[in-house]
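This document opens with one chain alone, in structure tokens, the form predicted alone.
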Amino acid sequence: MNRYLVPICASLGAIGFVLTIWMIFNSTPTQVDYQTDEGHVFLSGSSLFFNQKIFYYHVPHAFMLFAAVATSGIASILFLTKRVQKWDDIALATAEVAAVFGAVVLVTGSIWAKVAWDRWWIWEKRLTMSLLLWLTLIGYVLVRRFAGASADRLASGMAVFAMITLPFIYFMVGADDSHPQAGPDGNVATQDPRMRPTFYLSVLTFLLWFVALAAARIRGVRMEREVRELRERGLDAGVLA
């Protein structure tokens, strides 16, 4: 089953992506808010119209970012406590995948912010912490490439730190913030029922992509490690110069 996991998830994800594109632009309504003033009804300034459709990519990528960071953090804790190499392979692979999803979250969020706030970036709490999380992931990748023999342990600590930031990012929206709330009263929970099928299909689609990317990268990391170990044995045995 493991050998078929990546192609199956990738294929289903590609099908889901095509379906979500069709549904986003054909069956989901545009986001329009109305407000009343002295009996008159008029459009609210919070209406995003067609631009709201980036929501179907921004939020699912944020979900997958959280899943990848949590997986990397838990695997890092297991590696630090058990010193079993497979956990480090999982931590490294999912951290790299998380860095990619994090970049998409920041880019799509900036596009949304330009429409909603007429600014590409606002230094609000959640946005600042999200940027810190992504920079931590980039730092993790750089440490694994250039920190030498202690890179795995140092990077594991960074992955655990990244995981700790997740609840802060999720709940770090106050009354003075413009960013939509998360949780039971948040944008996802209160969205138009006509938007939900497309949104949930989009979440499933990117979940399949996350599994495919993580599984493929875990396999690649393991193979890279085995090649390094074989080379070191060859050097020790004098077979390689």
Partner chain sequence: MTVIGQALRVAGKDLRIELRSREILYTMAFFGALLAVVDAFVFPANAKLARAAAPGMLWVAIAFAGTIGLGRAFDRERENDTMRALLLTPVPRLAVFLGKAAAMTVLVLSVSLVCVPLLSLLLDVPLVEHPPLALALLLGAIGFSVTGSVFSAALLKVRSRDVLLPVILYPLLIPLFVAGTSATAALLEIPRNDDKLWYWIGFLGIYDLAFLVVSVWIFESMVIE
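Numbering follows the first chain given and starts at 1. Keep in mind that this is a model prediction, so the values were computed, not measured.
The form predicted in complex with its partner chain exists for this protein as well; it is not shown, and the discussion that follows is about that form.
Chemist: If the criterion is a non-hydrogen atom within 4.5 angstroms, does every one of I8, I15 and S27 touch its partner chain in the predicted complex?
Modeler: Answer is no for this spot.
Chemist: Under a 4.5 Å heavy atom criterion, is M172 part of the interface with its partner chain in the predicted complex?
Modeler: M172: yes, in contact with its partner chain in the predicted complex.
Chemist: Does its partner chain get within 4.5 angstroms of any non-hydrogen atom of R153 in the predicted complex?
Modeler: Yes, R153 lies within 4.5 Å of its partner chain in the predicted complex.
Chemist: At the 4.5 Å heavy atom threshold, is W121 in contact with its partner chain in the predicted complex?
Modeler: W121: no, not in contact with its partner chain in the predicted complex.
Chemist: Can you tell me whether W87 touches its partner chain? I mean in the predicted complex, with a 4.5 angstroms heavy atom cut-off.
Modeler: Judged by the heavy-atom cut-off of 4.5 Å, W87 is well away from its partner chain in the predicted complex.
Chemist: Going through 69-85 from first to last, which residues have a non-hydrogen atom within 4.5 Å of its partner chain in the predicted complex?
Modeler: Those in contact are L80, T81, R83.
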